[in-house]
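Here's a solo chain for you in structure tokens, the form predicted alone.
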């Protein structure tokens, strides 16, 4: 499966905006919505990607392997779930820390095109070649 890198960067930008709003507003509902977006992205059905496809009509020049970004979505999902647990249990450092970590990763991708989760996926693949 292949992915349009422009859509991935658009999704990272939208994610960064949403997570920044979560930190500013402390909205558990917005965090829950972003958690659902991560879950959908992990199975290749990112709503942000669908919005991108509706807006941008030009075909991509390049495509990339979709497995690393899907792994990154799973990592984002894990951090968002941890943040939700932090909110539910009123452990503010967990809620804020997990949200901030996810925001940091999304910001790196949005601003610099550096996908931390994707790079982690590639490192894991190199260290565990049998996991291919």
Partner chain sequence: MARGGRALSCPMTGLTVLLVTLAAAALAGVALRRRGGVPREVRGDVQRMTPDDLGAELGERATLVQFSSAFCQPCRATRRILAEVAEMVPGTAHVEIDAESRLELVRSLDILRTPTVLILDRSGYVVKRASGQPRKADVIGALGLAIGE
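Positions refer to the first chain, counted from 1. As the structure is a computational prediction, the values presented were derived from the model and not from experiment.
The discussion below concerns the form predicted in complex with the partner chain, not included here.
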Does every residue of 39, 60 and 79 put a non-hydrogen atom within 4.5 angstroms of the partner chain in the predicted bound form?
no
Look up in the predicted bound form whether residue 69 has a non-hydrogen atom within 4.5 angstroms of the partner chain, and give yes or no.
yes
Residue 14: touches the partner chain in the predicted bound form, heavy atom cutoff 4.5 angstroms:
no
Does the partner chain get within 4.5 angstroms of any non-hydrogen atom of residue 48 in the predicted bound form?
no
Would residue 92 count as touching the partner chain in the predicted bound form under a 4.5 Å heavy atom rule?
yes
Between 86 to 103 and the partner chain in the predicted bound form, list the residues on our side with a heavy atom within 4.5 Å.
86, 87, 90, 91, 92, 95, 96, 100, 103
Shift in CA distance, residue 123 and residue 97, in the predicted bound form relative to the form shown here, given it is 3 Å or more:
closer
Report the direction of the Cα distance change between residue 82 and residue 123 in the predicted bound form, compared with the displayed form, as closer or farther; the change is 3 Å or more.
closer
